[in-house]
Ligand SMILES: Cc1ncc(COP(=O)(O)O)c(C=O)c1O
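Form predicted alone, single chain, as structure tokens, below.
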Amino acid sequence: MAAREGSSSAAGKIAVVASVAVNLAWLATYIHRRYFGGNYGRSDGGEIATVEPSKGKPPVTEHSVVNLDHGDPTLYVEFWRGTGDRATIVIPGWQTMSYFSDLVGFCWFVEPTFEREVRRLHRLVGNAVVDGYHLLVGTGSTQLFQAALYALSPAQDGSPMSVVSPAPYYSSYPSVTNFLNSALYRWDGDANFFGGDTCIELVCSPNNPDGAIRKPVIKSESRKTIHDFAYYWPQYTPITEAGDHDIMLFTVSKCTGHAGTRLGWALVKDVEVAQKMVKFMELNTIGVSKDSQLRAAKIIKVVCDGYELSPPSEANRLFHFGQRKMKERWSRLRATVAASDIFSLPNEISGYCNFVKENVTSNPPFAWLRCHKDGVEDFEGFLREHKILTRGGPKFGVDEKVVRVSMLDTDEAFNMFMNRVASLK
């Protein structure tokens, strides 16, 4: 009888321990999926459905037209494949259903996790001051650019605010500014030739298309500025200071390469300007996708963790990966241009980078390539005849003998471009 009771007692203890272990395992899985995402099966024993990826651009072959017109940052696919599931997030069907993200925060549609990771990223890189700034989120930085124009307009006398930028300026500035024929603002061209006092100056630095480091050129006290810092990241340029301007725009697409997430953010100093920008986005799209924000927050967390919590390996460090890839591509392009007697590029820019703690050379996301070949007046058209698509100088406010070439595409596209350029005489 005693033996039987002892056996029964032992079996009962084992059952209790097993039950506790199962419950702890379930709780750990739930917490991980609820707050961190992860590659876990469903509680009903099925598998989490994976999303069928879009096809994107077709593969490049020797007969392909190489499209380097857009800054499609597919260069970064290699890095993110190497991270495995670390950047994966699972969003259950019942989450993110409400319009609202944070009713006690400054902007009701900013996900707190996204804001926290973005501020962490800027403190890590040192490219922007975040203390004392309001953080806003937009569907890409283009929406935030439009929101900023709305917030800064019209002029005090009620007339449309002039919007200017020094040539060569980003090709979308004129078209986005004038798209709605707004009575609040209008595109007024090259800032170097602006004759008025009151305006909004767009300061893109490093500049798209030529990679130049820009400062405002309008000296008037009634000038307002929007700083477009889409490319102010250490894989492209030395981080020489933390920006502390009135309005600073950033985008996920050129920082991490996730252009399809369609997410940007703004750091805005003045509370009234920030409130007007929020109102614009309320009326325009009733906020910004929470799913995109949560995905971007996870991606940015992986970037920061790669520097703060992981072993010092390029496999963990996005900016070092990007810097190496961009340096390799620019080295090849400059060597090819130097061996040619018909092409030229802007001079290299270098400086001490506070992020990597050494002197580095800029590796802009675009090449500003000029042609000196006799008889070629339309350089964009000349390259098109050789199955290379670029964006011509007139779209940037300059002449036809220069083009912008994306340096951010796949290795296959870049290699094909280099082969074709090297063959041109």
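In case it trips you up, residue 1 is the first one in the sequence shown, and so on. All values reported here derive from a predicted model rather than from experimental measurement.
Here the subject shifts to the form predicted together with this ligand, a form of this protein not shown in this document.
None of Q293, Q235, N208, T256 but one reaches within 4.5 angstroms of this ligand in the predicted bound form through a heavy atom, and that residue is N208. Contact with this ligand in the predicted bound form, defined as a heavy atom within 4.5 Å, holds for exactly one of S289, T225, S153, T251, namely T251. Checking 102-110, 227-235, 127-135, 240-248 against this ligand in the predicted bound form, the stretch whose residues place heavy atoms within 4.5 Å of it is 227-235. Of the heavy atoms in S350, none are within 4.5 Å of this ligand in the predicted bound form. Taking the partner from the other structure, this ligand in the predicted bound form has no heavy atom within 4.5 Å of any heavy atom of T177. Within this chain, Y170 lines the site of this ligand in the predicted bound form, having a heavy atom no more than 4.5 Å away. Although the partner is absent here, G140 sits close enough that one of its heavy atoms falls within 4.5 Å of this ligand in the predicted bound form. Residues of 274-306 are not found to place any heavy atom within 4.5 Å of this ligand in the predicted bound form.
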